[in-house]
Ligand SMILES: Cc1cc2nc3c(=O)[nH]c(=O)nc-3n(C[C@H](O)[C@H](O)[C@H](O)COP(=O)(O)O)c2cc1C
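Take a look at this one chain, the form predicted alone, written out in structure tokens.
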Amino acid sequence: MVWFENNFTKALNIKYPIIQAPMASAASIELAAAVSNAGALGSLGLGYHKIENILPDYHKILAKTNHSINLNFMTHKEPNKNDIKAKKYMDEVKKYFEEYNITEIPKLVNTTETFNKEHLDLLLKMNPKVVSFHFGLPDENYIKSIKNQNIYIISSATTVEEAKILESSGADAIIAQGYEAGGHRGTFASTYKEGEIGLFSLLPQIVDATSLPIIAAGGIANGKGIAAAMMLGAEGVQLGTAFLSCPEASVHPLWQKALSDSSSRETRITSAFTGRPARGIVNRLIKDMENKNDIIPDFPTVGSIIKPLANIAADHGDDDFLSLWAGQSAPMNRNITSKELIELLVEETSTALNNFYKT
């Protein structure tokens, strides 16, 4: 039995236990389809999708692949309204808009809804092989409906406690999300500080504490990382940043440039872009909002202010306000197609494992 054949790959009907992270802001239909066609699991993040676009986009994927697809939704809590905090925040960011001669600042509004009954009905209608959730799992009645339709359920944990909650709540597999990971932290039942655990400390603890297949995520960029994760008990891996440099990814040119310059630009976790901690390449907004979390409004309202500002700044060639999501292994990115990347990852993993067992 080769390393990439296990119960996880059989359950998902995929050749390789490699998941392309959903990355709602960058994982295009083309990327998800190409990854699935290459034998791994392509994912489409639907967290920011308008409800009327979900089904058409799923049909577009089905037109490009007949392999397993993972659809991802967010299960965040609804934001609290805090007028005092909102005013402080608006006073803080007003200067940025003035720099670009923008006289009217957008209103602070909710930019996306959490997974709800309308999403559930669409999910059951689409009937994908896999559904994944970020920020915990949805209502237990929703989970029952999903399980009744035999859709495989995955969610992220940043602590052992969260992994145990996911197992008892009906998940079929758990993503152990290490502190190295790019994008949003999946923390939902622990404090964000408690979730600041590196992957290779978190992974074996979750493997020992649960009986479900564990998917390793965070800082994995090549076959050596995959081999190490497998040796620590993972049955699969999830890579996000590694796919951002593939031509199929929907990545702004300034984001692409930041990735190519990532060896000289650190990454940091910040709430500045959305109101929830997420790791990205450091730019002006991250630096300016350091130690100002107390005035940042709740997720997902912040995007209604920052995204328009980021777009205008980007038109001027500035990446100061773009969410340049990336993990700590961004400097290891390769500029190749997703198919070439998967083939290379499989080859590198096989070589790493063979070399280890020869010694």
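Numbers for residues come from their place in the sequence shown, where the first is 1. In this text, all values refer to a predicted model and were calculated from it rather than measured experimentally.
Absent from the display: the form predicted together with the named molecule. The rest refers to it.
Chemist: Work out which of 183, 138, 236, 225 lies within 4.5 Å of the named molecule in the model of the complex, going by heavy atoms.
Modeler: After the contact test, the surviving option is 183.
Chemist: Looking at 96, 89, 142, 255, which is the one with a non-hydrogen atom within 4.5 Å of the named molecule in the model of the complex?
Modeler: Flagged contact: 255.
Chemist: In terms of non-hydrogen atoms within 4.5 angstroms, which of the given stretches 188-196, 237-245, 121-129, 204-212 touches the named molecule in the model of the complex?
Modeler: This holds for exactly one stretch, 237-245.
Chemist: In the model of the complex, is there a heavy atom of the named molecule that lies within 4.5 Å of any heavy atom of residue 72, even though the partner is absent here?
Modeler: The answer is yes: residue 72 has a heavy atom within 4.5 Å of the named molecule.
Chemist: May I ask you to state whether residue 325 is within 4.5 Å of the named molecule in the model of the complex, using heavy atom distances?
Modeler: Close contact exists here: in the model of the complex, residue 325 approaches the named molecule to within 4.5 Å, heavy atoms only.
Chemist: Does residue 275 reach the named molecule in the model of the complex if we count a contact as any heavy atom within 4.5 Å?
Modeler: Answer no; every heavy atom of residue 275 is more than 4.5 Å from the named molecule in the model of the complex.
Chemist: Using 4.5 Å between non-hydrogen atoms, is residue 17 touching the named molecule in the model of the complex?
Modeler: It does not: once the named molecule is placed as it appears in the model of the complex, residue 17 has no heavy atom within 4.5 Å of it.
Chemist: At a 4.5 angstroms cut-off on non-hydrogen atoms, which residues of 195-223 are near the named molecule in the model of the complex? List them in order.
Modeler: Counting only heavy atoms within 4.5 Å of the named molecule in the model of the complex, the contacting residues of 195-223 are 217, 218, 219, 220.
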